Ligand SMILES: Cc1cc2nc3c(=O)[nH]c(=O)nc-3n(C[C@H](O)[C@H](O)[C@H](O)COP(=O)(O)O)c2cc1C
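The form predicted on its own is given below as one chain in structure tokens.
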């Protein structure tokens, strides 16, 4: 059988991900794995329709399609996102219809489920037969047990094609509501005082609802709000994964475009930050993904700590929970406070006005309070994943992260907490003595909250 591999890594043949594919090639020599370096070649694919059509011909002739990609900021890289957009722009969906497909990624497992859900959603939209996802750690290939698991994944995928096993769609098609948002007369009433509000958008001339919603949000303030359209910035490339930034946060594109200066001088100075975008397939635009990918020059260190973060979306957001998960995961990692989401899908201009005005009110109110919600698993998990990785195998490359984590005291490993460690050790010994264990278990019925009761009594 012929399997076309859509390589979403900008590194092409040298990527970690594609070596997992090459491993499968060696283990299943009876099948042809034809690797297409989509991400590395994306600019040429964009410019030359003949190149794009040649890729579509390869896919059309294949028995199966394997999406292979690394994770870049909770998602597939911007360059793979752009290829997916081209499929729709060139009306090439028919080439994918009915094809058996699977997804293979490598990462440190930071919100990898979001990228895989996105790809499965795209495959469902293209009416493909999605078999399985395989999310590997970036070093799994050198582990013999993980090699066996990768071989099993290959068998599952290839067997499904050979036997034409049935597959089940996970996602329904998105229902796009044609609605023309007509903002009412907004009375500027919110005093931003000394808080800096920044709205970032990628609105095009035909993004009427998005532009009007962003304008309506800005009109809620008594003073002028700064807005920046990503399309007005010179951004020569999305992130290419060169890791040059790991040592001192200096990006390879620092002197070649506007992005890093814009991020340092505008984004990092904001107290209230609002992202405004139109849904494109099951994410925002490739330009927005480029924005997020390029922020990686700051490494794994949160750069938006305490920022109030709002999101304005044109599109059926409630049908795309994965997009909401992306922003909530991003906010948790950044230790920002997610203000909420406003979408035009409700189809009621007056209600949208009300929501936008309240988004503005909450942004300033919470910024003045310094209010950030307690972290959920998304933030706690992000901290622990990156803490362990930066202390360990990523430290050599990501020296800037390491310095930042040391300065902030974020290497908070439990074994370094001496009082807790001593109490746990004593408790463990006590639990091995039947009489003491009975006393402890009896105390636990009533005594877990004794410290909490004292706090409440003093309040």
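Numbering follows the first chain given and starts at 1. All values reported here derive from a predicted model rather than from experimental measurement.
One more form of this protein, predicted together with the ligand, exists but is not displayed; see below.
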Legend entry - Residue among 239, 84, 161, 225 with a heavy atom within 4.5 Å of the ligand in the predicted bound form: 239
Legend entry - Residue (of 179, 263, 247, 110) lying close to the ligand in the predicted bound form, criterion heavy atoms within 4.5 Å: 110
Inset, instruction - Determine whether any heavy atom of residue 334 comes within 4.5 Å of a heavy atom of the ligand in the predicted bound form, and answer yes or no. - result: no
Legend entry - Close approach of residue 106 to the ligand in the predicted bound form, 4.5 Å, heavy atom: yes
Inset, instruction - Find out whether any non-hydrogen atom of residue 16 is located within 4.5 angstroms of the ligand in the predicted bound form, and reply yes or no. - result: yes
Inset, instruction - Using a 4.5 Å heavy atom cut-off, state whether residue 296 contacts the ligand in the predicted bound form. - result: yes
Legend entry - Region of this chain that lies against the ligand in the predicted bound form, out of 73-81, 361-369, 120-128, 280-288 [heavy atom, 4.5 Å]: 73-81
